[in-house]
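Listed next as structure tokens is one chain, alone, in the form predicted on its own.
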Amino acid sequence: MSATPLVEARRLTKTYGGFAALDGVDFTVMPGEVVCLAGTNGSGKSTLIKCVSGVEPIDAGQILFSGTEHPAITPTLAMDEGVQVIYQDLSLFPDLPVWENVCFQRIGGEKRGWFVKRREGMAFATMQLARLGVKVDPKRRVERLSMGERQSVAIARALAQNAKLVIMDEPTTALPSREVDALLGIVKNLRSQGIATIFVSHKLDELFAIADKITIIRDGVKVGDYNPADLDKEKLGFLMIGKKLDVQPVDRSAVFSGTPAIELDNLVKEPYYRGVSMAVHPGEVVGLTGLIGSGRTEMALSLFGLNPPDGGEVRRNGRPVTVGKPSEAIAAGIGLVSEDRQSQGLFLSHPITTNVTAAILDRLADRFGLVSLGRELDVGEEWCGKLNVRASSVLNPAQSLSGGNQQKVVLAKWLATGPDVLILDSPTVGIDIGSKADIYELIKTVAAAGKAVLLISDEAEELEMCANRVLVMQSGEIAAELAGADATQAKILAAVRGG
């Protein structure tokens, strides 16, 4: 391995409105090295990536590429130096075929007159995909690919632009476990070709699986560089948040009886799910998991009136209810925290307090239908205080918050409606371990108050920590139920995979 770093940042400093997002950070990436960036939401990881890739100018310090300092880093310069960033949205063209996406930056060189040389382009794209060890039909349109296949196309496009360093920001957030394993294999493949990777993830298992070095940033300051062999989850978590987490698992020996808070009897919605029968009692947390496409989210949407079932019955406290639209679900005491908080759960440009009160405006309105700003502020401050939302003012826009605090605002919105049944669809996706611990404790608090909680999650560890029992969906049906001592990570994963 070359002794000269591929990328070296010295005393990097970046401020926003007087707040130091990065404060004197030193950072290096060697050729072929896999560096995992670890830190809580708002720690400075994304700012570091933006500075290295030229998206944000630095206020002080130096950035060197292969030992050479440049007076200013621009996106074009960074790409010329081999830096390629793959963001969560992938920035692909869904209506174009794979080969055109891979060859997009080279398309000018693939033309003859006004015509693109299709055969050469497909051969070139196939070669780049082969470098990753994956097979994807270059003629297929991107919109028809799985999320994992799209990730592969985005990485192949980076290789097509002579990437020396591939930066992946939260690349596994929307991937099922099988495709996560495939992506980690691609990262290892890149390393074998001498291509470096900066990998950002809140899933600690992934960091330990692929990292040559873990760089930890906390509150804009570099904590240190660590050999993964010298860390475990507990040590890494302590270094990331500066304190020890003490989250106790739920008591799975608890027995719940009596009339369920919500009960499903042979619920059907083709082609998503069929014959689903289940019950959740007051004070109980029932976990629901399954591979993407198993029907779990579609079933949750049906309970909130966004995907009305074709048949079967929903009962609340033993009585049949109709939930053909969200207003009927809210009236029935059902709340839903959707899996995509940014597009489905929040009005990002609006104040925090507006988001908190969005579902209860009718309760805050006076007899003329007007809502007092003072009353709205009181409610926003009350719930932000209860959920420990970290913001200087509830009048700040929701987009100014970290991912964990945004999720707390979504939870506050639905808890403010006073639901008896709370459906949580992937409530900790994309948030750090500190915020996860806060949400785990919140789930327990909600259940202890007598609410019924349906927790949908991909993470077996999360289900083992929070759920009294776990249901597994496969191909639109409930395929397994795990309770008590059987609701372990290993058995949950085995059931999900059909074992």
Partner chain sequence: MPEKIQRRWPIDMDSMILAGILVAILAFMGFALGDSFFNIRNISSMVSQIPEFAFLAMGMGVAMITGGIDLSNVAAMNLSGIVLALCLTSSRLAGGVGIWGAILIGAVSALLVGVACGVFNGLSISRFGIPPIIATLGSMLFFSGLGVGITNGEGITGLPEQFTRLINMTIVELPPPFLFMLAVFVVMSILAPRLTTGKTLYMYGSSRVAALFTGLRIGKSLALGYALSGLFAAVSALILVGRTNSIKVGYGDTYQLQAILVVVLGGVNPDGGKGKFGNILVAVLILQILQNAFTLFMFTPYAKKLIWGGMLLAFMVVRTLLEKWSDRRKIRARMAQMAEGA
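We call the rigid core the largest set of C-alpha positions that still match within 1.5 Å between the two forms. Remember, it's a predicted structure, so these values are computed and weren't measured experimentally. Numbering follows the first chain given and starts at 1.
A second form of this protein, the form predicted together with its partner chain, is not displayed here; the remarks below concern that form.
Of the residues 350, 243, 235, 188, just one reaches its partner chain in the model of the complex with a heavy atom at 4.5 Å or closer; this is 350. None of 120, 313, 137, 219 but one reaches within 4.5 angstroms of its partner chain in the model of the complex through a heavy atom, and that residue is 219.
Although the partner is absent here, residue 326 is a contact residue: one of its heavy atoms lies within 4.5 angstroms of its partner chain in the model of the complex. Though the partner is left out of this view, residue 317 does not reach within 4.5 Å of its partner chain in the model of the complex, counting heavy atoms only.
Though the partner is left out of this view, residue 251 does not reach within 4.5 Å of its partner chain in the model of the complex, counting heavy atoms only.
Not displayed here, its partner chain is approached by residue 344 to within 4.5 Å at the level of heavy atoms in the model of the complex. Contact with its partner chain in the model of the complex, defined as any heavy atom within 4.5 Å, is confined among 410-418, 120-128, 269-277, 71-79 to 410-418.
Contacts with its partner chain in the model of the complex, taken as any heavy atom within 4.5 Å, map within 381-420 to 381, 384, 385, 388, 389, 390, 391, 392, 393, 394, 395, 399, 400, 401, 402, 413, 414.
If you fit the rigid core between the shown form and the other one, you'll see the Cα of residue 162 move by less than 2 angstroms. With the core held fixed between the shown form and the other one, residue 371 has its Cα displaced by at least 2 Å.
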